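Next up is one chain by itself, shown in structure tokens, the form predicted alone.
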Amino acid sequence: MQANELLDVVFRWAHLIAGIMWIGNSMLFNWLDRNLIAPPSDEAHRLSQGKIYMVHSGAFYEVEKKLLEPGQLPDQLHWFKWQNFLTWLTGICLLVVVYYMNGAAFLIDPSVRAMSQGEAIGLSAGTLVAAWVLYDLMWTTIGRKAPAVATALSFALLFGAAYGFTLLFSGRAAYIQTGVMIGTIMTGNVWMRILPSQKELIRATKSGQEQDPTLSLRAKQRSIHNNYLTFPLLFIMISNHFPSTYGHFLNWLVLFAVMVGGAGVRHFMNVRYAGKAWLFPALAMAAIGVAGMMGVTRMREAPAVVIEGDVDFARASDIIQKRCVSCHSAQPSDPQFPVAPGNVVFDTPERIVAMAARIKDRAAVNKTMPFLNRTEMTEEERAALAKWVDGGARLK
């Protein structure tokens, strides 16, 4: 295993573990907040915000959410912060290892925008910083007085950034860049807004002062933002396995539909705890995401080249040998792929025929292969492969 691949698997594994812990904690606490039983309205419970009993692991749990009397701070206080930081840190490490190293090969697609490695990395890193600064400034100004306006602007800027990334980077990188941007905003919320608020509450309690409930409300607002961003981010984390989404000529529209559908499902899962109807609306929002993947990805660009007559196997095999086997063979000659991607090899006619449908999808429809068109497959060659497959993908 090469060093680059080792770093990829280590950081990806750690990213997955930390992400499960962070998102699991986030969903648990949001669930608790919406299921707490309201306390009696008397002096004895004036600091209580609710209580709930749960059963798990062979015993009962009693959980109460409350403020504390000034000076009343327990000796042991558990924080939930490092899961988020490790998720973000390992995600940034993956961005560097997979997309910034090796000449930024996965980041740059010359057919989208020709640029140098330094320019691409600068745009990628710079937009992450700019996104957090703009988002945070908007919610510390407009968001305090007109949250509905800030929400609308946030959606517009998120969609605008996602669309802009598809004009700068490869389709796969555009999706990941959107995900890293969302993750950076969520991490900024945790470390720049939520944790400082909690530290201030602890400081006030230690010093015998009354706690400012405004700090809790502001922190909760950012926590809710993170809650709604979770489902879209999870899709983006696995999107590189589905080239029909990021490789589509309307990849930005697919991403919009999935983000709206995912956030919508999360919303109706939230409101169900308030006794509101939620199942049908949640399913409807999920349908938007599915329609984006199933409906939009079935739209096809007009073919750039039309092939007259039949295409035989000899012609298809010649194109594949010239453009594909440098990566897709038992012993690839491309140093970036020491093992054939996806274990797809075209060393025999039978293997080519067996993969005919996938060849058409990746090379002629979504055009995600050859990888960033490193072997310079022409539009005529793509059309010829599609014509061979449509003709039955026959050996003779």
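In this text, residue numbers run from 1 along the sequence as written. Worth saying up front: this structure is predicted, and the values here are computed from it rather than measured.
The following text describes the form predicted together with ligand HEC, which does not appear among the structures shown.
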Taking heavy atoms and a 4.5 Å cut-off, does residue 324 contact ligand HEC in the model of the complex?
yes
4.5 Å heavy atom contact, residue 12 to ligand HEC in the model of the complex
no
Is there a non-hydrogen atom of residue 246 within 4.5 angstroms of a non-hydrogen atom of ligand HEC in the model of the complex?
yes
Interface membership of residue 46, ligand HEC in the model of the complex, 4.5 Å heavy atom rule
no
Check each of 341, 40, 70, 349 and return the one that places a heavy atom within 4.5 angstroms of ligand HEC in the model of the complex.
341
Using heavy atoms only and a 4.5 Å cut-off, decide whether all three of 359, 374 and 377 touch ligand HEC in the model of the complex.
yes
One stretch from 180 to 188, 316 to 324, 95 to 103, 218 to 226 that, in the model of the complex, holds residues within 4.5 Å of ligand HEC by heavy atom:
316 to 324
